[in-house]
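A lone chain, given as structure tokens: the form predicted on its own.
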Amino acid sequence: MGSQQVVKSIEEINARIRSGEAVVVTAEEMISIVRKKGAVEAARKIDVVTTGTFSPMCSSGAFINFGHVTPTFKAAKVALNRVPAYGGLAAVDIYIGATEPTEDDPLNKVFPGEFRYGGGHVIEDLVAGREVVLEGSGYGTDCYPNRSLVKSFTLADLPFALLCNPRNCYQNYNCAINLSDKTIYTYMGTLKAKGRNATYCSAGQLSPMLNDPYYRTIGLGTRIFLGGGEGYVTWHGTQHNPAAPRGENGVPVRPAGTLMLQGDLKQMSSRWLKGISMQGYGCTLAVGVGVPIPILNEEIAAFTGVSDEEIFTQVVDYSHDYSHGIARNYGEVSYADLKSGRIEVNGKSVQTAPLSSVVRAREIAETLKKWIDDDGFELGVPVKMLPNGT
């Protein structure tokens, strides 16, 4: 793009939010605005575009301080509702991961396993206000003589609880298919033999990072909707890959950027943090995330006007290619195609199904819009932008 005709700052937009003058629309609403008015006029008119996504996000978990007891106790091994947590932090600080199954889960010994309860379910139980039982053991020291502990608590009882997700909000992801002769069970769901179904996991035109493909506005300190409460981007995610191939509109056509996210678990809701059991694969956590995008110029306005017809991903075989690291695809499809319910692969019509809820993503974007319009939710000013690979 040439010289910019519109230049705004996050500070200026926050001033407009405080005065009640900011114009806020969802990512879906922005599509028609950009089409009708063009990117320059859209940038002049619109201050913030809200986005949303709600889907399984395996790399999630929570830091918890469960409080000191008498006699004092230092956790060496600890479990919450029989789900192992990590105790190698400090005496009563632990971390529970979303994909950790219960200690006695049969896993895939009886295939496909059901994985009925795990770390994601513990987190959901906590934010739902349900009681959780901690069982711990320690080796005993002079300052922490207690060698075992059984303790029940609710989230309200905890001195500290932080949702801390190392890798969320994938910027695009594969469309999964199974070209083998048997049904397979994956983190992309159950895939029928001989390519009889395909699954995908993105809200498409509502998805946060697809509306800011080069991370012009997202960085350390970006303030977001996380799990129903306020959260922050605290770094790029653990598999951030900004160098992934992109289309002419800048949108990646393969898995690309990711976000590390944190927020106060006590603010959150079980509507937006849901434990999930994935047959034959494991347990995880569905997380609701919404990112407000400040419209600083016409380039960002154009990016936020992206539609499902302009966002593409690859069809990948999960029966062999994915597990063997083979970089091959069976076509490129748009999210408009995927959301239509059928795509064509190898000349055959294949039924599609999402793991990501567009209905919930839309609700998050609308909620975030309301927070800004009605509650004066101001935008965080990032102190360091995400690496963008350019």
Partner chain sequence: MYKRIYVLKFPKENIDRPIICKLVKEYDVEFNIIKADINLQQEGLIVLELIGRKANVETGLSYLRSVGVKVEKVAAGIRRDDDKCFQCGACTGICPTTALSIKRPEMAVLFDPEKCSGCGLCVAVCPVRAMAVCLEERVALTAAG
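Positions refer to the first chain, counted from 1. Quantities reported herein were computed from a predicted structural model and do not represent experimental measurements.
One more form of this protein, predicted in complex with its partner chain, exists but is not displayed; see below.
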{"item": "Contact test in the predicted complex: Phe73 vs its partner chain, heavy atoms, 4.5 Å", "value": "no"}
{"item": "Interface membership of Val358, its partner chain in the predicted complex, 4.5 Å heavy atom rule", "value": "yes"}
{"item": "Partner proximity in the predicted complex: Gly67 to its partner chain, non-hydrogen atom cutoff 4.5 Å", "value": "no"}
{"item": "Contact of Arg147 with its partner chain in the predicted complex (heavy atom, 4.5 Å)", "value": "no"}
{"item": "Stretch in contact, per heavy atom within 4.5 angstroms of its partner chain in the predicted complex, of 189-197, 89-97, 295-303, 73-81", "value": "189-197"}
{"item": "Contact test, all of Lys274, Lys339 and Pro354, partner its partner chain in the predicted complex, heavy atom 4.5 Å", "value": "yes"}
{"item": "In the predicted complex, the residue from Met278, Cys175, Val127, Met209 that sits within 4.5 Å of its partner chain by heavy atoms", "value": "Met278"}
{"item": "Proximity to its partner chain in the predicted complex, single hit among Ala286, Ile311, Val315, Leu265 (heavy atom within 4.5 Å)", "value": "Ala286"}
